[in-house]
Each structure stands twice: as structure tokens, then as C-alpha cells.
Ligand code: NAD
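Have a look below at one chain only, the form predicted alone, in C-alpha cells format.
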Amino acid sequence: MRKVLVVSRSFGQVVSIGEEILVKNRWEVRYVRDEERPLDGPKLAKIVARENPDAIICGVEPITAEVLRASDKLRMVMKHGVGIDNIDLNAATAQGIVVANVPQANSEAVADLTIALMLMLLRSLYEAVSSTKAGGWNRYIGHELGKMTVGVIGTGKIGTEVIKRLQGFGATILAYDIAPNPDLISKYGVRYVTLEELLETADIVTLHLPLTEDTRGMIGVNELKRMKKSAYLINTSRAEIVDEDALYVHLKTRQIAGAALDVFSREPPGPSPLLQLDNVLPTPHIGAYTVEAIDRMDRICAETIIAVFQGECPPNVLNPIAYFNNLAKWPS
């Protein structure tokens, strides 16, 4: 019987379909214990060595070269989500370990949260709810999303879903991407502009990018300076795309109006100074956390693992060369 080690916090916790599919196909499913968290690379490597799994299902946990070497049976790492910046893809490929992700399952969930955060910022909803519960009756004056200019940085699957929703509100949509999507121009009236023009013009700037060497620190001091003092920043992608220290300074000094952050460079963020600011709306990395999205992710994770171990190479495998160059190492 093959074994999968579930490192992800969410796989199998909301719905059972993923585990059911694996068990039905004669897989033993093992979970990291709650008392073993939080996980860093060395701690996770010890757990992997102890369990010696054939496959790992991970979330944002660090899948380092040390972790990948810890099991002599490990042949696959399955990301319960999209971004793989926490996985050493080069080390995995060198060791013949297949890496796959779930590229579309959570796009709608993250887009929904992004729009919700926009509305909360524009209408001061968090403050209004807190004030009313405390016995107040303050009439907060806000703005209409349909009258805003929204700058979408990154127009992949999630960015596209955000744009679809924004078009329904009637917002003016600017976009920046190294690979513009002509369909978004014709269908939704999107205007692609330079990053500089987007930052200087938008009332709301929302980030939907993968974390790469090119995007790390992409929004720093100079970029934040370009934003209007009345503008809001929303980040539901990866924390490291934004210089958190620079963001803190710009928010504290009201050089921008506010920010909604679903991601932090350290999670949980602990005593992050950002959490002390009244113009920061923080959420605990819940972009993909809907029952529907998790159901899709759990299914795809299980089905992809089974397919790969049955000799297939699904399109969501990110390093197919690792499979085809190391067929002899795979269990029959």
C-alpha cells in the first residue's frame, strides 16, 4: 500500500472526498499532527523521514531540498493550491520527484474575497459593524465601487475572475501584465497600461501575481509613492510581492488610504506592526477557503496523485521531465 503524507492544513478538513478517493485506490493517508505545527524545513524533514511517504500533499509549508531528500520513497509533491513558491522545484526535478498543482480550482473563491475586501474598504464596513456592536450609531460615508478606477496587476485566471466581477459593478478597469489578454480588452473594456500609470491613476490597486524572482518586492517604496493618497491596496496573492516595511510606513503616515491583506510574510503574522494600524483590513489567508473551492482542490489532488502513479502525466504536472527521465525509479 502506498502512503501519502498530508502536510496541508486544509486537505481533508472541510470535505472528505479527497481522502475517500485515495483510500478507495488503496492509499494510506497520514496527516501531520496539530501539535507538530508550525512547521519549518528541518522539522518537516524529520516528519517526512519518519513517515517515509510516496507522495506529499502540501499547502504553504516549506518543501525544501532537505524535505525532498528525507524519504527514499518520495516520488511526488502535490500542491493543495496554485502557487509553488514554497516548493524547491529544481531540487524536486533533479531527484525525479514530480510536482503538480491545482491551477484553477480556487480562482473564483479568491476573486470573490477580493471584491468583498474592496467593498469593505470603500464602505468602512469593519468599522461600521464594530461601532454598532459597541452601541454606536455612526453613519460612515463611503464610495461606490462602480465609480472607482480599479488597477488589476496580473490578469491570469484569478485576475480575470476579478475583472469579470468588476465589470458587473461598472468600474473603470486598468490592467498591467507582461502578457496582456486581448479577450479582456474586447469583452470587458480593460485598458492595459504601464505599471506606473496604473499606480498613479487607480483608486484601488489589487495584486494577482505568482511569487517569482521578478515579482518579489515588486511593490516597494517607489511604487507606493506613485499611488494616490486616497487609494487602497489589496493583496490576496503573496505577501513577498509587497515590501511590508515600506507599506507600513505609507499606511501609518496616510500616504495611501488603506490596505486589505490576506497574506503576510510570516503566517500567522504574530505581532506584525501592520496589525496595529486602523487602516489595515487583515484576513487569515482565506482566499481559497470556500467549501466549493476546497472540494475541487481535494478532488484534483487525489485524482492527480492516482493518475501519476498509474503511469499518466496530467497537464497540471509542472515538471513532466522529472517523470519521463526517471521512469525506472517509479513503483510499478
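Note that the coordinates shown come from a computational prediction; the quantities given were computed from them, not determined experimentally. Note that residue numbering begins at 1 and tracks the sequence as displayed.
FYI, the form predicted together with nicotinamide-adenine-dinucleotide (NAD) isn't displayed, but the following is about it.
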Query - Partner proximity in the predicted bound form: Ser71 to nicotinamide-adenine-dinucleotide (NAD), non-hydrogen atom cutoff 4.5 Å - result: no
Report task. Spell out, yes or no, whether the shortest heavy atom distance between Asp177 and nicotinamide-adenine-dinucleotide (NAD) in the predicted bound form is within 4.5 Å. Result -> yes
**Report entry** Distance check, Leu166 to nicotinamide-adenine-dinucleotide (NAD) in the predicted bound form, heavy atom within 4.5 Å
**Finding:** no
Query raised in the report: Can Arg238 be called a contact residue for nicotinamide-adenine-dinucleotide (NAD) in the predicted bound form at 4.5 Å between heavy atoms?
Result: yes
Query raised in the report: Three residues, Ser124, Thr206 and Pro282; all within 4.5 Å of nicotinamide-adenine-dinucleotide (NAD) in the predicted bound form via heavy atoms?
Result: no
Report summary line: Partner contact check in the predicted bound form: of 90 to 98, 206 to 214, 252 to 260, 130 to 138, the stretch with a heavy atom within 4.5 Å of nicotinamide-adenine-dinucleotide (NAD) is 206 to 214
Requested in this report: State the residue from Ile300, Ala288, Val32, Ala45 whose non-hydrogen atoms include one within 4.5 Å of nicotinamide-adenine-dinucleotide (NAD) in the predicted bound form.
Outcome: Ala288
Requested in this report: Quick one: from Leu224, Ala231, Val82, Ile173, grab the residue that has a heavy atom within 4.5 Å of nicotinamide-adenine-dinucleotide (NAD) in the predicted bound form.
Outcome: Val82
Query raised in the report: Is any part of 150 to 165 within 4.5 angstroms of nicotinamide-adenine-dinucleotide (NAD) in the predicted bound form by a non-hydrogen atom, and which residues would that be?
Result: Gly154, Thr155, Gly156, Lys157, Ile158, Gly159
